[in-house]
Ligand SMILES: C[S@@+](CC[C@H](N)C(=O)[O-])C[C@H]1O[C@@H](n2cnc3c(N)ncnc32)[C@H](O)[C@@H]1O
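One chain comes next, on its own, written out as structure tokens in the form predicted on its own.
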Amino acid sequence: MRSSAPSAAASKADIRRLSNAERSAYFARREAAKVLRCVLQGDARRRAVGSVKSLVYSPSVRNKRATFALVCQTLKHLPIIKQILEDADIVNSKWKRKEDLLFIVTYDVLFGQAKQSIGDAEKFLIHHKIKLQSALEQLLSRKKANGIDELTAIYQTGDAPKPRYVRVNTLKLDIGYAMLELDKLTKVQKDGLLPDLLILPAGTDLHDHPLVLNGSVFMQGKASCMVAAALRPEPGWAVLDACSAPGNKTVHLAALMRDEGEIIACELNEQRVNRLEDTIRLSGASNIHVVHGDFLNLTPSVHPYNKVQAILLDPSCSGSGTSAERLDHLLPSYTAGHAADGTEIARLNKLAAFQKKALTHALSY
């Protein structure tokens, strides 16, 4: 994912006239729109390229804090935004092709910071702001809501907050030093089971923290960290990570192996390969070889797979246990009756069949 260039409607001269804060907000909206497009497309296909967090933490996203906030707030208000745009009846075919940007800027115009008329989406929506506000007032009245928070609660379900977990990348940083640095920001404690895992209070904001940006720590859930720890790879081993992207478990293997031996990281999806390579670069690991291909098509008796001593097999799953960490409760598909519909049942059956094939193939090594 790469930062988008200014739109044709916003010239370099126009952008230079903005204040630093306005300029930052303008570009954050474009970055947020690209992330939102990936998230919504993945949700519609039930095959995510990455979570909201992993996409925002991509090195190509510059203003991570503002981008993350915009994506989350837009997703939180998305049913309301869609209803307002439909009721206002202002969206033509041109904007239907750019609806990710339209959603982001609509949120910012109605509930956020968008005030300048630089950028085609901003100009369009600010021009129709009275219609949008009127549609919002009518929606509040129809739903008998006393304000936007009450209206959001009608549309949105959520999960209870969980602690923020961060894994120290021991290829780059000592655990004790990481604790000292993070303790300057908030309360930090070590996990009782995994020595390289730290626990911070729920909601701790680390998007722009230097240790995250330089790959010294990874924001990674405890369940995710358990996988490599359970495999217990030894330095010098040859290890195969069968379904690698986005790569947090892969680079955890590298840290546990002290960057010795070899890790073969296999991933089928091209976009996810790019994300995997970004994660590897960020970690500083040098013993990982990426294979863009299907794990099921690898032949155990052929070099280099014939020297594999351990396989990390964490195939695609329903993800129901990690919905809060991935912010799934903000996605359009996350509704009370979603798990019972035919599309979801078919998806789960397909995942189960793949898991069985992957496990059978792994046991053939």
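Residue numbers run from 1 along the displayed sequence. This is a predicted model, so every value here is computed, not measured.
Below, we refer to the form predicted in complex with the named molecule, which is not included among the displayed structures.
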(request) Give a yes/no on whether residue 295 approaches the named molecule to within 4.5 Å in the predicted bound form, heavy atoms considered. (result) yes
(message) in the predicted bound form, does residue 268 come within 4.5 Å of the named molecule, counting heavy atoms only?
(response) yes
(request) Would you check, heavy atoms only and a 4.5 Å threshold, whether residue 83 touches the named molecule in the predicted bound form? (result) no
(message) Would you classify residue 167 as touching the named molecule in the predicted bound form, given a 4.5 Å non-hydrogen atom cut-off?
(response) no
(request) Taking 4.5 Å between heavy atoms as the contact cutoff, choose which of 73, 248, 204, 274 touches the named molecule in the predicted bound form. (result) 248
(request) Check each of 242, 194, 91, 290 and return the one that places a heavy atom within 4.5 angstroms of the named molecule in the predicted bound form. (result) 242
(message) Partner absent here, but in the predicted bound form, which of 175-183, 94-102, 204-212, 248-256 has residues with a heavy atom within 4.5 Å of the named molecule?
(response) 248-256
